[in-house]
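Below you'll find only one chain, the form predicted alone, shown as structure tokens.
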């Protein structure tokens, strides 16, 4: 059993608390911080929490608190983390870790120097479909990963601070790109160095200073490519999709828009449908268990199991720092319109990798380009001579 201080009583704080209390069923929120007393009291009443406060330090520095869960706006993450360091409390923090890599690096250094447990709450690498896909990749089902693409788009976030560039640190890249970058990075291999980024972004629809739409490419040292597509301008709800291509296969997954459940309603009930749903009438496509499909159950199980076993979770502040550094490069690329290097103060993965060989021998003299069976029954190969470079086809 874990006693938790929940910092933040908004949309994500409630999502987290629903997942914490609904899955392992033995953990308890014992302390709540809210920026307003009214929201703090309502949250405490709704979840049966005895203590709530508008002082962040009071919420953290309680004898019964074992772990602090940060579900606050981005500009408050560092303050909250430093309080956990000060009072030696285990800490788990929502994404993105920081508004930029400098903030993220300071937080990472602080928790590691203090020797406290730290977990990065990147829920979308814990969804059931992602876990199944990742296991297939690790087991070699699609061979060497060449390209990993992740998309998250929706009509825009719930709270006002997301739309403030200073408070949030950025727009759709920081809010959604952090998910997509870590998804692709996990498929490609978290020990593979992200080298450089090319990114386009623009403010197409919303009356804000930050970007509401972006597409980016992340080049890895082994030659693999990660791709992210993010938008606050997409109409139709929350669209979560991943694609992974390898030498021996491909994986496609749709996490939220099309899950096999379809409901038609006139909308008279006015009931909640799903996160970011744009309508409560007509044909609706809700997920069966939102908390499960968004990865919260598996994420918190990994975090708390790791704490109890004195181990590291799959996602730590170090992972959050790497993601922030990739996003920094993306923002630089948006301005320069060039490939920009990923600048890392600390890298703990592999180094000096070269692009894996893509050459397959056909025989001593030829490389194999392609082998196929035609619709008229012949088996054909396309081959390239190793010395002359001449390409030819043969029926075999």
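For clarity, every value in this text was computed on a predicted model and none was experimentally measured. Residue numbers count along the first chain shown, from 1.
In what follows, reference is made to the form predicted in complex with another copy of the chain, a form of this protein that is not presented.
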Give a yes or no for residue 95: in the predicted complex, does one of its heavy atoms lie within 4.5 Å of a heavy atom belonging to another copy of the chain? no
Using a 4.5 angstroms cut-off on non-hydrogen atoms, would residue 268 count as touching another copy of the chain in the predicted complex? yes
Check residue 142 for me: does it contact another copy of the chain in the predicted complex (non-hydrogen atoms, 4.5 angstroms)? yes
According to a 4.5 angstroms non-hydrogen atom cut-off, is residue 359 in contact with another copy of the chain in the predicted complex? yes
Honest question, do 106, 185 and 312 all end up within 4.5 Å of another copy of the chain in the predicted complex by heavy atom distance? no
Choose from 172-180, 95-103, 321-329, 241-249 the stretch whose residues reach within 4.5 Å of another copy of the chain in the predicted complex, heavy atoms counted. 241-249
Residues of stretch 243-264 in contact with another copy of the chain in the predicted complex (4.5 Å, non-hydrogen atom): 243, 245, 246, 247, 248, 249, 250, 251, 252, 253, 254, 257, 258, 259, 260, 261, 262, 263, 264
